[in-house]
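Here you get one chain, nothing else, as structure tokens; it is the form predicted on its own.
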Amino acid sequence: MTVSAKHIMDHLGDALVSVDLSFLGEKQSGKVRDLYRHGDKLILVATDRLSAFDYILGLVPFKGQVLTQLSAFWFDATRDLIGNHLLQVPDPNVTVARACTPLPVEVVVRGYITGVTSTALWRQYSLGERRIYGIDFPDGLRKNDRLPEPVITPTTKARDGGHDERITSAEIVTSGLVPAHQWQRVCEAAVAIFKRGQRIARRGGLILVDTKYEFGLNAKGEVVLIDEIHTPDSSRYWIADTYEARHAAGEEPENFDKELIRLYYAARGYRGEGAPWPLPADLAVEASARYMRTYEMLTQNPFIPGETPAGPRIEQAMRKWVKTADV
């Protein structure tokens, strides 16, 4: 990996919590990104905040830069399959995007039967369900088996701190959440993007296991891909070289995403009840290294950390950008 653990540790104090860009307008803050609306454009600032268990646990140096630059890589690699909202990346942590109207569902695509949460395929299958998300699954599947074809398992978008809920494709259309013709376009694009993601990930030594996409409508009413794509925050990755042997032996695959955070807390007794303790420094360093290494494996390019602290750099870049945007 290009960046050493010492370098990451030395920059723990520089991790980006937030940045004030009030000259762009009113700020809205998500768990990881700060958002500004500037005319018909959306400015997304990816911070170094790490979210898990519906809590912000702490800061992971350079994480926001990885999310921004990796999403830009994937948007470019899939733009022939469907349009997306990306316009510019004026700073390593900043995405300038077309403002779109988000569709009210999250599109989860799964290539393997795995997971332990209430919305996960394996969780429901292990409880005896065979028709899940409106899809029929055969008997005899084992946890972490590859599925013959990727499947779409959508969820509603949680509101006010709630949890995502399972929903079927048929229910999305019949309830009026998304018109049939738009939902068909979403499903076709999601599977195509996922399959390309799997091919590119395998080239870098990773398996793209499952992922979450968000789609929206642009000013012309066309379905486009928005938010982020194939990052360690939104996707599950496994190490490809060891998957077959570990699976045959009944062992869990080697994960290569932010699952190491969840596993760390679970191994120490946290089961999602109450607020978890803050992210330890050594775990933040390990997570940072994993995010950067994932970037390098997927893009086949070295990760070059941006100048720190990132706040002044971002402000300078966006003041320069807004002058050209307003011309």
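Keep in mind that this is a model prediction, so the values were computed, not measured. Residue indices: 1-based, along the sequence shown.
Beyond the structure shown, there is the form predicted together with a small molecule, which is absent from this document and is the topic of what follows.
Only one segment in the set 167 to 175, 239 to 247, 201 to 209, 99 to 107 has residues whose heavy atoms sit within 4.5 Å of the small molecule in the predicted complex; it is 99 to 107. For the marked spot (T114, K143 and R196), a heavy atom within 4.5 Å of the small molecule in the predicted complex is absent from each of the three residues. For the options K27, H38, K31, R262, the residue carrying a heavy atom within 4.5 angstroms of the small molecule in the predicted complex is K31. Among the residues E214, E222, E188, E252, the one placing a heavy atom within 4.5 Å of the small molecule in the predicted complex is E214.
The closest heavy atom approach of D227 to the small molecule in the predicted complex falls within 4.5 Å. Mapping the unseen interface onto this chain, R79 falls outside it, with no heavy atom inside 4.5 Å of the small molecule in the predicted complex.
Although the partner is absent from this view, L42 contacts the small molecule in the predicted complex, with a non-hydrogen atom inside 4.5 angstroms. Among residues of the shown chain, R123 is not one whose heavy atoms approach the small molecule to within 4.5 Å in the predicted complex.
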